[in-house]
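First, one chain by itself in structure tokens, the form predicted alone.
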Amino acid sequence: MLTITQALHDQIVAHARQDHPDEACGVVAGPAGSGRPERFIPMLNAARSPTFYEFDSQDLLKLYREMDDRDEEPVVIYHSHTATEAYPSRTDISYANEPGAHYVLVSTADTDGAGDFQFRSFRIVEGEVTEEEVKVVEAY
């Protein structure tokens, strides 16, 4: 289960809406080994595409060095889908290389009649996708 604060949830959704119609992407880092998302880090979608996201390699290298210096790890890796449901695509699955991370997808399309976005979390390990419950809390 992913437990995330309302503030972080809202920041991820706001980033997805802001970058629409392109896919948004980013990371929420947390203390290494804690599993607790704390620091919101929006990233630039280097692909600038409505159907694909890609972290800029230089930005990603800088981010990982910074997390290492702060004894953090990527707890949440997020991106948006702009025209489809919030479920990992084959490409998303092939690029998922952090087995300990929660992969959050936000859809900015009303694909299920439930409103203009979905917020879902998945574990992706060795190509296996497992959806998990999301618990939004006011604070940890």
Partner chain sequence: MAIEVRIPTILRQHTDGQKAVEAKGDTLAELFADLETRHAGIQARIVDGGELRRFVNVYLNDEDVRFLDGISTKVADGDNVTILPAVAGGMA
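Nothing here was measured: the structure is a model prediction, and the numbers come from that model. Numbering follows the first chain given and starts at 1.
Unshown form predicted together with the partner chain; subsequent notes refer to it.
The three residues 101, 130 and 138 each lack any heavy atom within 4.5 Å of the partner chain in the predicted bound form. In the predicted bound form, none of the heavy atoms of residue 75 sits within 4.5 Å of a heavy atom of the partner chain. Contact annotation for residue 34: none of its heavy atoms lies within 4.5 Å of the partner chain in the predicted bound form. Looking at residue 50, you'd find a heavy atom of it within 4.5 angstroms of the partner chain in the predicted bound form.
Using a 4.5 Å cutoff between non-hydrogen atoms, residue 23 counts as a contact of the partner chain in the predicted bound form. Along 80-97, a non-hydrogen atom within 4.5 Å of the partner chain in the predicted bound form is carried by 81, 82, 83, 84, 89, 91, 92, 95, 97, in order along the sequence.
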